[in-house]
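Here you get one chain, nothing else, as structure tokens; it is the form predicted alone.
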């Protein structure tokens, strides 16, 4: 059984890298794929980390990335793409970073590097009220069908635990929840913060008390661009030290009490 539910906290515990381009007030040429810009790939259907407010993508990841770009004297450009295309896009050099509630996994590390983590999260299980599924063991041991967002860690972990035959994959969490409401799946596995919003918006659904997994979020960076990786890590360390990361997370996920 997994650990008890943990509250989201910032965890960017890194040492400050000595090299700094900020001191000269100029960006090192070649740091990003387009001079003067930091191009971020995300999937803007993952509140409160990235979602639309009108025509603007906002959220924890969006604000952290914007602050990183500002401290590197770059302009942030966010591109909303399918979640399962983000790693490939960073690997190919189409995007500078992937930032979408992205969990560090061994599989992803084969294709990209990751910055130091800046937040922690968990995967939660959503079921209908009165469901026979009461915990992760019940879910795994039964013949239940699970809905997931394609390419997410919920997808990866469930694939390992129950196999592809019992998984239905969807483009986003809302589609998976629709399938749960319609009886096409028996449960949905998704990150806890989006899960809270989805359950609030859909009467008759609950989140199981015990989480499925716990994980850390970081930004994906091309393996060949160690300079950008080091610079982002330096800035994340500054933002952790001066309280910026905590303030951004608190804005979207207020502390209890």
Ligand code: ARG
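Since this is a predicted model, take the numbers as computed values, not measurements. Whichever C-alpha set is largest while still superposing within 1.5 Å between the two forms counts as the rigid core. Residue numbers count along the first chain shown, from 1.
Another form, the form predicted in complex with this ligand, is not on view; read the next lines as being about it.
Segments offered: 69 to 77, 152 to 160, 131 to 139, 180 to 188. Contacting this ligand in the model of the complex at heavy atom distances within 4.5 Å is 152 to 160.
In the model of the complex, none of the heavy atoms of residue 115 sits within 4.5 Å of a heavy atom of this ligand. Contact check for residue 124: no non-hydrogen atom falls within 4.5 Å of this ligand in the model of the complex. Of the heavy atoms in residue 100, some are within 4.5 Å of this ligand in the model of the complex. Proximity of residue 217 to this ligand in the model of the complex falls within the 4.5 Å heavy atom cutoff. Proximity to this ligand in the model of the complex, taken as a non-hydrogen atom within 4.5 angstroms, holds for one residue of 222, 32, 193, 43, which is 43.
Along 104 to 124, one residue reaches a heavy atom to within 4.5 Å of this ligand in the model of the complex: 108. For residue 213, the Cα coordinates differ by 2 angstroms or more between the shown form and the other one after the core has been superposed.
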